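Starting off, we have a lone chain in the form predicted on its own, written out as structure tokens.
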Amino acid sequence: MKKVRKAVLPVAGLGTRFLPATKAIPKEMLTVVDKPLIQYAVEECAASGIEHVIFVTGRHKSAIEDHFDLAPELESFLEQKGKSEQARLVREISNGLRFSYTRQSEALGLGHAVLCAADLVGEEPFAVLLPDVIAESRVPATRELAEIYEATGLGVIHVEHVPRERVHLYGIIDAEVEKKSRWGDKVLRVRNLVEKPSAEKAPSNWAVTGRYLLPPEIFDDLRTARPGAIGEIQLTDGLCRLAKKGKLLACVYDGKIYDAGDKLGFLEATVQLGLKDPKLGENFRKYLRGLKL
């Protein structure tokens, strides 16, 4: 089985839920504690053995490319000022990864964004990470999915259990425990997916988290997918086709997911990660305890 070397990060969205902050700044560059949101996904890629990160960008996203570019002048300036720690932080942003960029010229859905990366991915398996989701666990989320793919040759996605009253916010899977799996009941065989169903029509409480490991054949499924009612090609359509061919698994994620895609989730991620920060956490906790609400 081919080793998973590439990851696709769709970052072409307009970030309208964060206006006016995102009028001139990409949503992915908003800071969570001490680094931009997009950096958490890139660090997960590096920790998962990914070698090549492909950004699917849009207009006004050049700040992302600048952030991951080399900055020898800045490093030299910091070293000259005796700020070696800051110079190291700047140097390690790229984590030794290779970066490529391609444009999604129109907002035609997540499936279309992934399809825009087809030429750069080629005939290889690849990960997809939604950059507004921060996944925190002992084993990096993408590495866990890569290990399952490399053992089975099947596409695999992460899912988590959500309350019934929240299923309408997620893609929900119809699945059963994979028989004779080395991972026990942690791995499920996906039969179908439903995008944001009502509580009454949801086939389960298993919600897709925003981490995917996909075979290259999904590109053919996306090329022939029909746009939905709002003219978009959804990644769910390609996943459904994989599922119907018996080529899609789901792995129950046992870490913590921070959905920073809206303002409340972003604030929750900032607070939770701030409390865990080794330098800031103790004083931040004292501050929160002293608030009079």
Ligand code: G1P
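What you see is a predicted model; the values in this text were computed from it and never measured. In this text, residue numbers run from 1 along the sequence as written.
Keep in mind that the form predicted in complex with ligand G1P is not shown, yet the notes after this line are about it.
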(message) Is it the case in the model of the complex that Glu43, Phe68 and Ser94 each bring at least one heavy atom within 4.5 Å of ligand G1P?
(response) no
(request) Have a look at Val121, Ala175, Val133, Leu115 for me and say which one sits with a heavy atom within 4.5 Å of ligand G1P in the model of the complex. (result) Val133
(request) Scan Leu110, Leu145, Leu129, Leu222 and let me know which has any heavy atom within 4.5 Å of ligand G1P in the model of the complex. (result) Leu110
(request) Heavy atoms, 4.5 Å, ligand G1P in the model of the complex: which of 134-142, 78-86, 201-209, 177-185 makes the cut? Say which one. (result) 201-209
(request) Flag Glu217 as yes or no: does it have a non-hydrogen atom within 4.5 angstroms of any non-hydrogen atom of ligand G1P in the model of the complex? (result) no
(message) in the model of the complex, does Tyr170 come within 4.5 Å of ligand G1P, counting heavy atoms only?
(response) yes
(message) Whether Gln234 contacts ligand G1P in the model of the complex should be assessed with a 4.5 Å heavy atom distance threshold; does it?
(response) yes
(message) Since only the chain is shown here, I'm wondering whether Lys196 would be in contact with ligand G1P in the model of the complex (any heavy atom pair within 4.5 Å).
(response) yes
